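In structure tokens, one chain follows: the form predicted alone.
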């Protein structure tokens, strides 16, 4: 039986690839906007080659066999690649399930003994189900990596340090301020203070939806770190509801300069640096 399944797979390897390709292309989830048919065929052929080369009667009942290490490696690569390309878990899982269906169809046409067919089919089902589970697990890891990378990129984009004037920096904060993001804010702000030699930094929290005790503590840490670098820190964007919340929580911001708007904070920064902005006189000609 072992020799027979090996011979069947090697003899019908090309037919197996075509069956699997047909199954995958029939699934509406496999979209050409994410992967071309040529890339799909190359990916599928690589997996089938590895499976046919490693599968035999001895390891057919042993999904954890080291014989399948290369198959698992290829499956992992497919899963992570599809997670990054934007495929859903369902689309990725169905792709491997459709390979199992192609294998079973091939066996049904090649194995004439009913008992032998049932025995091989059951073993093949268990083996392929194990591969499907591996695919899902790896896909989840790949999707988590994508989410973490996107979160880091969003954090960097949403915390830009702007040089609004010589010696004056502004950092508009949009969204919730948690511990991880506070660290990003502080690092970005302190780095820019050193590079620009600025002496005034404005933290604008107009885009922060709510301020609780935890958010306030994060703000205080950022202010303290800024002062240690020798720069004055101003907090702007204190809306009436935020002011009420801060008072209700008993948070002491008396030692910190706070302003209602970014414009007010910028005006205060000008006065601190003894800068004055004037409109040019309009000359009239007769």
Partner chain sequence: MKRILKMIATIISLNKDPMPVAREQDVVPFRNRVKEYAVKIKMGLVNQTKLITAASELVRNMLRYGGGGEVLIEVVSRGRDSGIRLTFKDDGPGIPDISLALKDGYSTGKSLGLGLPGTKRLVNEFDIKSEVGKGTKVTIIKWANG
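Numbering follows the first chain given and starts at 1. These figures come from a predicted structure and were not determined experimentally.
Another form exists, predicted together with its partner chain; not displayed. Remarks below refer to it.
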Given the stretches 240-248, 255-263, 36-44, 54-62, which is the single one in contact with its partner chain in the predicted bound form, using a heavy atom cutoff of 4.5 Å?
240-248
Counting non-hydrogen atoms within 4.5 angstroms of its partner chain in the predicted bound form, say which of 212, 73, 119, 129 makes the cut.
212
Can residue 49 be called a contact residue for its partner chain in the predicted bound form at 4.5 Å between heavy atoms?
no
Can you tell me whether residue 176 touches its partner chain? I mean in the predicted bound form, with a 4.5 angstroms heavy atom cut-off.
yes
Which residues, if any, of 187-208 lie within 4.5 Å of its partner chain in the predicted bound form when only heavy atoms count?
none
